[in-house]
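The chain that follows stands alone, in the form predicted alone, written as structure tokens.
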Amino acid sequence: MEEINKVIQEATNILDRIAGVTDSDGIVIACTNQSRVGSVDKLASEIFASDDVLAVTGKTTYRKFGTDQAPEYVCFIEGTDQTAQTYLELLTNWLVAALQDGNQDSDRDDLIKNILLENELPGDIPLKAREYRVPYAALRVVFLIKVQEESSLDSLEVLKSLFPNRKMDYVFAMDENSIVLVKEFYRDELDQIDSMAEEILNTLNSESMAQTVIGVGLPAETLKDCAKSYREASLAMTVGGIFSPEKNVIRYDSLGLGRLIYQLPPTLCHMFLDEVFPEGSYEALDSETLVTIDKFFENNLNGSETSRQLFVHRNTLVYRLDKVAKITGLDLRTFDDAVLFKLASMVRQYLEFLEKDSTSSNTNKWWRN
């Protein structure tokens, strides 16, 4: 359908007469005269049901066409002269070629999707890549884009228009609220990954008004390795949601400690927290103190800059840090204690996420039952 509309739209600038396409019921699905789209051409439906491929009726010439042996559509053009028949033959050939290209694009998308989901045997991937004319050895990065379910269709169309080169870039829906972009890069373009992710984010925010989060995997050297890049993009989104929920673009290679903590078993995390924080000590820190700690870490333990940004006197900051040391036993002005506190705080965040996730899963299970 999309391919047919594109051809007819381009034909509008070439043809000096009205032309269009109907489905098997004679409903006009595309036309150089937009006002006729949606109307019914009874002659087209009768011709479709007949054995004739070409028919001249009244003031119009009709021709059936399709991508397989059986016709699927009827193309029509104003006029019954030889010129009309020539135009019609050229137009139907153009439409058939466009539909075949569209089917190939769909087949390629299905292949890439199966590779990402690891539904293809590694040994089969080079053979299928050759069959579908997809370069096997090319540098690609997988972007996983999460949008609200009600905005997913609009977002998918926006992304397809943003990356129209269907031979190099692959855009398709992975599920109801996930879209995947497999983008090919030249090696000297890899520094553009961040700016491209920001461009995607800004375009979706403005065009489809969708709340968007983007996970970015590492560059993949071959088509087979794209599955690994997809897993990385998915992990980046999950881990980023735990430790950096304020971020809309999360790269796998910028997860830092979060990636390590996410792989720790909960039992080990609980043991670590019990060793770092005496019972009830972390809970004893008020919100003002926690904000001070976050800002202190944000400024790389720089007291002067922290007090300036918090609009407090240096002595007030010292008092608050002394309070933290008294409650937790950790002096954040020393590097080792600061690292230990930061790590323990992130472990605590991770455990809180697991607890919420478990509660949510149990609620959903109860609802389904």
Partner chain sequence: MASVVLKNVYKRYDGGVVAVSDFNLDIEDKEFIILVGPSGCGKSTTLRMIAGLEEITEGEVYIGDKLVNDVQPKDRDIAMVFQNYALYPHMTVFDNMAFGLKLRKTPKDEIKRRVGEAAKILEIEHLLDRKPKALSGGQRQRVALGRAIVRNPKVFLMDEPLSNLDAKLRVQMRVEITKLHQRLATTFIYVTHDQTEAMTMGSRIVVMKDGFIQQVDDPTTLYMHPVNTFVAGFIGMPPMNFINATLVKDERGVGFQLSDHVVYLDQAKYDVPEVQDYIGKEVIIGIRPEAMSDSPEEVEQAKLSGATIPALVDVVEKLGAQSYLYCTVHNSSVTASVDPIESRTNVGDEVTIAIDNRRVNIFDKDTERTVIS
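Residue numbers count along the first chain shown, from 1. Here the structure is a predicted model, which means the values were calculated and not measured. So that the term is clear: the rigid core is the largest set of C-alpha atoms that superpose within 1.5 Å between two forms.
In what follows, reference is made to the form predicted in complex with its partner chain, a form of this protein that is not presented.
Contact with its partner chain in the model of the complex, judged by any heavy atom within 4.5 Å, is made by just one of K323, R36, R308, R333: R308. This chain appears without its partner; in the model of the complex, the one residue of E157, D274, E72, D286 with a heavy atom within 4.5 Å of its partner chain is E157. Heavy atoms within 4.5 Å of its partner chain in the model of the complex are found in one stretch of 136 to 144, 88 to 96, 291 to 299, 172 to 180, which is 291 to 299. Put simply, A210 is close to its partner chain in the model of the complex: some heavy atom of it is within 4.5 Å. In the model of the complex, its partner chain stays beyond 4.5 Å of every heavy atom belonging to S358. In the model of the complex, its partner chain sits within 4.5 Å of a heavy atom belonging to E246. The shortest heavy atom separation between E150 and its partner chain in the model of the complex is within 4.5 Å.
After superposing the rigid core, the C-alpha of E207 moves by 2 Å or more between this form and the one not shown.
Q148: CA moves 2 Å or more between this form and the one not shown after rigid-core fitting. Comparing the forms between this form and the one not shown, the C-alpha position of Y282 differs by 2 angstroms or more, with the core used for superposition.
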